[in-house]
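There is one chain below, alone, in structure tokens, taken in the form predicted on its own.
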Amino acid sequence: MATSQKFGGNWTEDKLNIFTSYLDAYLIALQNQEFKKIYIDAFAGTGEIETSDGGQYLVGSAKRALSADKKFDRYFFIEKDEDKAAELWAMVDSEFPELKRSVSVYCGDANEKLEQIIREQEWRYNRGLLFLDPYATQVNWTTLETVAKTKSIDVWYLFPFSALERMLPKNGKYEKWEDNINRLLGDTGWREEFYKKDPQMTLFDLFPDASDQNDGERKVKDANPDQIKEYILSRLETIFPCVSKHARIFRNSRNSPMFLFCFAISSDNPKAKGLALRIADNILKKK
């Protein structure tokens, strides 16, 4: 049995249940289609999860995908840690030997390996389901652009909401995080979206040469969680033809937002978009 990983909280099971519900519906919807069905898990882990508080032992996304009644034609798992990747492969070998020929396990950076996997497929004849479940800010915006360009992949992305908020200080001194935020969101528009000019007179206003940022103009954060959520979704809508408006915010025990579970569709086929969105929205609306 694979060693369980410790992360997440009470919301982890909700996340996995939402994803598994969509995965099952996805396989049913495509069961009579000629397309080959591809599953990609970019942060696959070992197949077993223990929540950080030790309160739950859960079957992870990789094992859930392999256990589905209906099957994908190919499974691609990415795990950066060599030991965890080895445990993942051992789990496939021992528990799903009949699927071994359909499974590939990549060890390395999720962005690099995901782009490699996408590059090596002929997406005109394939359809894919991608699970992006990073621990923090590992997913590059350029990777999402690569996914969107396939026109063939449905994406569930656990966006690192709390990590982004930590990089957006109230006092407007975001310089050390700026490159990381740009990489995560793919633009610089967040600076105007999340900050405004400080309305209070300070010593910096009296002596503007002493100001250390923003061309002498002091700024303060002006964004609540709902505004940040809407901005994240609006950014995804710039590259994906369809994004669910019902992304789920997962919160910790103190009710602080931790992650935003987003769903995006890369297909521009109206029928495909409509079906996928109806299924995802129906699942996300359930509490």
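All residue numbers refer to positions in the sequence shown, first residue = 1. Worth saying up front: this structure is predicted, and the values here are computed from it rather than measured.
The protein also exists as the form predicted in complex with a small molecule; that form is not presented, and the subsequent description refers to it.
**Prompt:** Does at least one non-hydrogen atom of residue 262 fall within 4.5 angstroms of the small molecule in the predicted complex?
**Reply:** Output for residue 262 is no: heavy atoms all beyond 4.5 Å of the small molecule.
**Request:** Answer for residue 43 alone: is it within 4.5 Å of the small molecule in the predicted complex, judged on heavy atom distances?
**Result:** Residue 43 belongs to the contact set for the small molecule.
**Message:** Taking the small molecule as it sits in the predicted complex, is residue 133 in contact with it (heavy atom to heavy atom, 4.5 Å or less)?
**Reply:** Close contact exists here: in the predicted complex, residue 133 approaches the small molecule to within 4.5 Å, heavy atoms only.
**Request:** Determine whether any heavy atom of residue 138 comes within 4.5 Å of a heavy atom of the small molecule in the predicted complex, and answer yes or no.
**Result:** Residue 138: contacts the small molecule in the predicted complex.
**Asked** Heavy atom within 4.5 Å of the small molecule in the predicted complex: which of 109, 165, 178, 145?
**Response** Exactly one listed residue reaches within 4.5 Å, namely 109.
**Message:** Please tell me which of 71, 151, 191, 80 lies within 4.5 Å of the small molecule in the predicted complex, judged by heavy atoms.
**Reply:** After the contact test, the surviving option is 80.
**Asked** Is the small molecule in the predicted complex near all of 127, 155 and 236, within 4.5 Å of a heavy atom of each?
**Response** Negative, none of the three is within 4.5 Å.
**Message:** Tell me which stretch of 244-252, 27-35, 58-66, 219-227 has a heavy atom within 4.5 angstroms of the small molecule in the predicted complex.
**Reply:** Flagged stretch: 58-66.
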